[in-house]
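Take a look at this one chain, the form predicted alone, written out in structure tokens.
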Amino acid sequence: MDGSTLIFGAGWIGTAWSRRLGATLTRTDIASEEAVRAELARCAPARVINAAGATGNTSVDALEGDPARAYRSNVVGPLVLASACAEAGIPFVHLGSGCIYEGDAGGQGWTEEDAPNFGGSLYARTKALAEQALSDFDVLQLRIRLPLSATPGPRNLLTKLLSFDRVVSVPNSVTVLEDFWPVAEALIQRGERGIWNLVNDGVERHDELLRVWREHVDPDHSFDVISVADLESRLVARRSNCVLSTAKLAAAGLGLPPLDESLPRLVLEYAAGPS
């Protein structure tokens, strides 16, 4: 992308995206109006991407006892950024979440216009509130789900699943980051606004992904499949299981590759390690 990009949020995705773009990465507190305005003035960016937010140290369960942090990071912060960027005339991109739905909308997948129907975690509730509030601004919101990457890491869905000895078998939309980057950047270059579902075509089931791992990498990898009810009995907060529609992306002539192509490639690259 041409011009300077400033990314707020030095977590997994923000750091990876900044390296890809050669962007400036900042750890500035996004809920501080004074700090945000000062950073915008210092960097004078051509665009701002918000990849900051609270998800919990290891899982969304960690947020359940910390509503002040959750609302400050996931609701107040994005609104401060959107307001400051609007005042400065800087295009603003917000990395949102599709974990605000449950189910698959009768097999059609939830569209960008569908109202959220999942509030089983504080994380989901704050992300839904932020999305609704940001819709009153002229910004681009990119929804991702259960991100995966060929690079191991504690936030990577594949890394998480490989550490579990019990998983559920429920259809979900997921976002392969290596597929996400070029599509997200195309939307930004086009100057698109509004909400967009950025997930791969098709659905992922955790047990099926681990079977791909077993087929291509480790035939001895073992796990048990349990029910959603059994899983939730072990958790503090409920988990979103949902499928998002990619029709809007397709109509725009864009789209992330189908999972039956991406997942085997991702598994092999993950297993091979850094090149």
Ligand SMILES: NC(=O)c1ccc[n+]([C@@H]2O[C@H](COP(=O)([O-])OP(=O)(O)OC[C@H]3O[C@@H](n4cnc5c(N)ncnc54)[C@H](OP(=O)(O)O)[C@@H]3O)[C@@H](O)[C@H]2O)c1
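Source: prediction; values computed, not measured. Heads up: residue numbers just count along the shown sequence, starting at 1.
What comes next is about the form predicted in complex with this ligand, which does not appear here.
Heavy atom of residue 55 within 4.5 Å of this ligand in the predicted complex: Within the cut-off, so yes.
Residue 207 near this ligand in the predicted complex, any heavy atom under 4.5 Å?
-> Heavy-atom contact with this ligand at 4.5 Å: absent for residue 207.
| in the predicted complex, residue 226 touching this ligand (heavy atom, 4.5 Å) | No, no contact at 4.5 Å.
If we define contact as a non-hydrogen atom of the residue within 4.5 angstroms of the partner, is residue 147 a contact of this ligand in the predicted complex?
Residue 147: contacts this ligand in the predicted complex.
- Query: Of these, 134, 95, 122, 176, which has a heavy atom no more than 4.5 Å from this ligand in the predicted complex?
  - Reply: Looking at 134, 95, 122, 176 one by one, just 95 meets the 4.5 Å heavy-atom criterion.
- [ ] Note which of 200, 197, 172, 73 lies within 4.5 Å of this ligand in the predicted complex, where distance is taken over heavy atoms; exactly one does.
- [x] So the residue touching this ligand in the predicted complex, by this definition, is 73.
Using a 4.5 Å heavy atom cut-off, which of 47-55, 214-222, 232-240, 246-254 contacts this ligand in the predicted complex?
Going through the listed ranges, the match is 47-55.
**Prompt:** For the stretch 178-192, which residues lie within 4.5 Å of this ligand in the predicted complex by non-hydrogen atom distance?
**Reply:** Stretch hits: zero.
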